[in-house]
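First, one chain by itself: the form predicted on its own, in structure tokens.
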């Protein structure tokens, strides 16, 4: 990539961060992550006995003795599941407003007056949104990873690695936000459509059960088609859980098929942005 393109991309990313700061989006995510970190740092006390056992004290009340390895694995799994579930919803909700704002009167004309390709403007915005969320997720995960590592002596790189599965899933969902934002200039609609895709994807992920409940073959084919087209959020969540447990990934289809969906939707958003008149 030419140096001029790198500078332009960096400027667009910085602009996205500045707006995230101004709208308190970044600080909201950062504050939420910090509360969880403080919980593990000050409220949850772990005492290791002979490197094998731990006594957990929560709000000053002891809960008994557990195996340290199991304790750390369970905590890592709970944090990873929380990030993938509630964290993704919060990330989409917080980020949806950062795309349509570039179409505000006066702002879009200023951006288009610069010697920058339209696709570069939108991609810079997309990358900035992604980095705002990714930086907060990594801040939370790395802090908890260090706290538990210091308290228990167990350092699981798999926990950190699983975070990238969540960031990847968010990158796919953010492509939907970009496309709907370009077409409608509505943060609300972008949020609703993205949540709708997530929910429908969760429903059709139970295709084996649905196929038994449906009475006609055409309806079963519809369910299969929707499952294979939409991003496989449930399957990506399972991959994240497998990474936390240190298990090998046997089926990579959800990764590349969800990535392909995100790429197609993002390209459609870029094409729609290039064709629009302002």
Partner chain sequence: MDCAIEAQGLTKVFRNRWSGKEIRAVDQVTLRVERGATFGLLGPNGAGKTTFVKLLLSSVHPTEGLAKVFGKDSRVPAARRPIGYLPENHRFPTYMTGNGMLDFYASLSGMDRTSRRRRGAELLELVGLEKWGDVRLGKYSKGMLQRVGLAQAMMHSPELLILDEPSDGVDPIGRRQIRDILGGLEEKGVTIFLNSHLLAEVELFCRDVAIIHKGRVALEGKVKDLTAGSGYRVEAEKVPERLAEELRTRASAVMAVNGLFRFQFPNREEANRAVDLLRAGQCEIESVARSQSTLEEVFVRTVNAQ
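For clarity, every value in this text was computed on a predicted model and none was experimentally measured. Residue numbers count along the first chain shown, from 1.
The discussion below concerns the form predicted together with the partner chain, not included here.
Selected contact from 207, 73, 151, 118, since only one has a non-hydrogen atom within 4.5 angstroms of the partner chain in the predicted complex: Selected option: 118.
So which of 200, 112, 192, 157 reaches within 4.5 angstroms of the partner chain in the predicted complex, heavy atom to heavy atom? Looking at the other structure, the residue within range turns out to be 112.
Wondering, does residue 11 line up within 4.5 Å of the partner chain in the predicted complex on heavy atoms? Residue 11: yes, in contact with the partner chain in the predicted complex.
Taking any heavy atom pair closer than or equal to 4.5 Å as contact, tell me whether residue 22 reaches the partner chain in the predicted complex. Residue 22: yes, in contact with the partner chain in the predicted complex.
Picking from 132-140, 104-112, 83-91, 160-168, which part of the chain touches the partner chain in the predicted complex when contact means heavy atoms within 4.5 Å? Among the candidates, contact is made by 104-112.
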